[in-house]
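A single chain comes next, written as structure tokens; it is the form predicted alone.
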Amino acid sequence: MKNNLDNDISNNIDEFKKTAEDCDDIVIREFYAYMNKNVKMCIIYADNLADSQTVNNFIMTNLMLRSNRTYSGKDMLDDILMRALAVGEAREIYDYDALYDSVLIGDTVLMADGADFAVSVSTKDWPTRGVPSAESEVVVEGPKDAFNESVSTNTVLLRRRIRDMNFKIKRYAVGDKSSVSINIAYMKGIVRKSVLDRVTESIKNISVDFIPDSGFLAQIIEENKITPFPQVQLTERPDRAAWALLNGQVVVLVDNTPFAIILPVTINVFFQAAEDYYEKWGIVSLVRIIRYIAAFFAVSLPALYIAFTLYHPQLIPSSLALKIAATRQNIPFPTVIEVLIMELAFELLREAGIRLPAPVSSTIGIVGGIIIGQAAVEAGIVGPVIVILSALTGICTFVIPVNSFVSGIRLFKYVLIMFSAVLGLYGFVLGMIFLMAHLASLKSFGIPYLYPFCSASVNDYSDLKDSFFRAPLFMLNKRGIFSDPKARKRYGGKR
């Protein structure tokens, strides 16, 4: 199949009709311009994707009624582009691929007989949601707006916050079967050039039929595709994305999804919530410490219980050990099976709460947890201590702000359970060493995953001021490790 446009408009129309066969929502309108009745013209657009008022009032009306210049072929189309199209964005296209892409993203394509190129006019009018409130990253204080499924709207939400000409946007179309608009946003002069180049190359080299969501894209561009721990961050909050941009990170906006991708990241980022910078440093520091403790409990509590009760009961206080033994007298299952039953029951309740409608899900989570736990204890299937441990483990996962990191913790929890079931405390320690070694081996676009808990000296230890605790804002006068070393100064203080 030929690719370049022909200077005979009939051939171009026939080729397009052949490709768009059975696409009844595609409008092909042939006409003669008022300026020269001997020159045949044609517009092509997708119904409901293009704004019909723009097509009728600013393209068709100008071409058929308001122009009196007499050119033909290429010169006429050039003159139309310069004089007759009362639309802000228009560009020349020279091949069928660009023609198809233009029509399918809501633009209107104008062709004229005798011209071997066409003009793509921006007439997009997609059906979109308004700017919604954040649902997965809820804050008590701070902005309430969130990204939606329109990449253009999401770009506007960032532009509204960062009014600087150094805020740059690179646009790409990715997808072999259905191209999706992807915008790479960054701050010139702040971002590391090496990071920006790696991100750009990763996006440009993608070869896939379709990008349905930012989470799909994140899995493709991550460097380590085996680990359960995320190497990028997904956010629906424009304020968080703007903060990341001004900190030297890159933000990737994907059309048709309300989540932006922030990269590179470190493990420290997943313990920071958006409102951490809207409240006083004292309470934020306390909450940060609680999050790290909760993460440790979420991954280790079931494994520690197995290790202590099976292999090291002498380390448990005698009164507590006797109570645990008394509650387990009539339990028919080994401790490991008992723990797995309750953990899997909690996973089922979690998944059921996610899939059900909101009014029902909260009822299922609370009532289901209470009833099933109480019934399991009374039936002698599990002991009450296991119910308490499983509930506490689940609550600890809800304290961590970023769900993708929680998923990695949930998965590795079962690895620690297996290690502890076989080797006791030695297995638990061995599993934790394996976890730390794995995390230490990860990098996010060249940035060590465990930074600033390792190699913090490369930035004069300033990143530790925003890690386990958050220092007062006036002390956070240097950007993080993500930024170019020449642009570390944020405000005040010394570079």
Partner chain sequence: MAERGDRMFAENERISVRQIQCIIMLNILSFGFFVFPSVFQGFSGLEIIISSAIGGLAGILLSKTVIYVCSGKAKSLGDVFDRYTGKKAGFILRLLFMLYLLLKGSAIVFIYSSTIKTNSLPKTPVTALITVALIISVYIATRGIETIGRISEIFIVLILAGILFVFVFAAKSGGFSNISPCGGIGVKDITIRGIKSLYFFQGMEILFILSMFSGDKSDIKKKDISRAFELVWLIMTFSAFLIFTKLKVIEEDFISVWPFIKVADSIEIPFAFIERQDFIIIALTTTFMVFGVALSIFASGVILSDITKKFGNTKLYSYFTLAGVITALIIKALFGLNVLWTMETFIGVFCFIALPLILAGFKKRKEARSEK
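As the structure is a prediction and not an experimental result, all values here were calculated from the model. Positions refer to the first chain, counted from 1.
Separately, the form predicted together with the partner chain exists; it is not shown, and the next lines address it.
Just to confirm the contact call: exactly one of 430-438, 40-48, 54-62, 22-30 touches the partner chain in the predicted bound form at a 4.5 Å heavy atom cutoff, so which is it?
Stretch with heavy atoms near the partner: 430-438.
In the predicted bound form, do Leu392, Phe398 and Phe474 all put a heavy atom within 4.5 Å of the partner chain?
Looking in the predicted bound form, the three residues Leu392, Phe398 and Phe474 all stay beyond 4.5 Å of the partner chain (heavy atoms).
Determine whether any heavy atom of Leu315 comes within 4.5 Å of a heavy atom of the partner chain in the predicted bound form, and answer yes or no.
Judged by the heavy-atom cut-off of 4.5 Å, Leu315 is in contact with the partner chain in the predicted bound form.
So in the predicted bound form, does Ile481 come within 4.5 Å of the partner chain, heavy atom to heavy atom?
Yes, Ile481 is a contact residue.
Can you tell me whether Phe469 touches the partner chain? I mean in the predicted bound form, with a 4.5 angstroms heavy atom cut-off.
Taking the distances in the predicted bound form, the answer for Phe469 is no, it never comes within 4.5 Å of the partner chain.
Does any heavy atom of Arg192 come within 4.5 Å of a heavy atom of the partner chain in the predicted bound form?
Yes, Arg192 sits close enough to the partner chain in the predicted bound form that at least one of its heavy atoms falls within 4.5 Å.
Pick from Tyr414, Tyr278, Tyr311, Phe297: which residue has any heavy atom within 4.5 angstroms of the partner chain in the predicted bound form?
After the contact test, the surviving option is Tyr311.
Can you list, in sequence order, the residues from 431-458 that come within 4.5 Å of the partner chain in the predicted bound form, counting heavy atoms only?
If the 4.5 Å heavy-atom criterion is applied to the partner chain in the predicted bound form, 431-458 yields Ile433, Phe434, Met436, Ala437, His438, Ala440, Ser441, Leu442, Lys443, Gly446, Ile447, Pro448, Leu450, Tyr451, Phe453, Cys454, Ser455, Ala456, Ser457, Val458.
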